[in-house]
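Only one chain is given next, in structure tokens, and it is the form predicted alone.
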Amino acid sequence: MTKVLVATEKPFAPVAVDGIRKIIVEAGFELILLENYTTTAEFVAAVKDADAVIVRSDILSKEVIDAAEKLKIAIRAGAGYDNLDLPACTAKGIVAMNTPGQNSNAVAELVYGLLVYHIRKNFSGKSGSELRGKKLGIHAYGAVGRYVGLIAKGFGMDVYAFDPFIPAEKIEADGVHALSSVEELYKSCQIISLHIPANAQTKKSINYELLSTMPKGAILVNTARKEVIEEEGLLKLMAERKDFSYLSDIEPDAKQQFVENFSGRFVFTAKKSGAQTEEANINAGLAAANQIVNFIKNGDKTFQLNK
């Protein structure tokens, strides 16, 4: 019988697990749960005879993959997939997938949670400011970026976007101004919302030179990955410009320097929280289960990452 392992150091919500189980069992497969584990050794032991595995932010390393004797497919329940060792999967003929779009709205809503909290002075009672009329720049107009743009229209913001992989006419159809370069985006917008992946091309690409071109009162919102930020350059800029703020869905490595030097100009979540809603949790888990069934039964590789 096909064995599907759900390995989650931070488990899915019970309702999501129930939904995953229903999909897997109805397909005639067996579901194995490894929840709240604390060591890689536990993951290695559990994956040994699994045909498929679903993870969240769990690290699917070469060590884990090498131990998987029967593994055919590995799915990251979520959009970001830097926790999957794609070369190791490819070397063993394992199809790796993510579940794009399932937590997009949750991440987009968090952007505005961070923004409103910050511009209203952390709800301290002090006079703050409003989003209406502000220029918002969306760096990468994928599923999350598009939701960010749609919500911004409701706030009455003037919305711009740059994405070299999305046709300008598709962006413009949403009532968003499509810009032709990343430099133009940062130079034009007081608020930038980051949605780029962390890869060889993007790591540390959000640097001093780019950020220093942003207008007065600039705010950078990062619900993507901390690796895309050149922290040394960001710290230098914040020391030079008291009008610059940084809001992030994950604490930077240099958090202590922000605490000591830039009080009131940053907001960090304690843990990456973009996808931490009941709805996103359920959506991503069920999508992963359905993708496994469709791959095993029908050979569907729609969301394959290691092509």
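None of these values were measured; they are calculated from a predicted model. When you see a residue number, it is the position in the sequence shown, counting from 1.
Heads up, the form predicted together with 3-phosphoglyceric acid isn't pictured, but that's what we're talking about next.
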Q | Among 109-117, 167-175, 74-82, 230-238, the region lying within 4.5 Å of 3-phosphoglyceric acid in the predicted complex by heavy atom distance | A | 74-82
Q.
With a cut-off of 4.5 Å between heavy atoms, is residue 40 one of the residues that contacts 3-phosphoglyceric acid in the predicted complex?
A. no
Q.
Can you work out whether residue 103 and 3-phosphoglyceric acid are in contact in the predicted complex, taking contact to mean some heavy atom pair no more than 4.5 Å apart?
A. yes
**Q.** Any non-hydrogen atom of residue 272 within 4.5 angstroms of 3-phosphoglyceric acid in the predicted complex
**A.** yes
Q. Can residue 61 be called a contact residue for 3-phosphoglyceric acid in the predicted complex at 4.5 Å between heavy atoms?
A. no
Q: Could you list the residues in 217-235 that come within 4.5 Å of 3-phosphoglyceric acid in the predicted complex, counting only heavy atoms and keeping sequence order?
A: 225
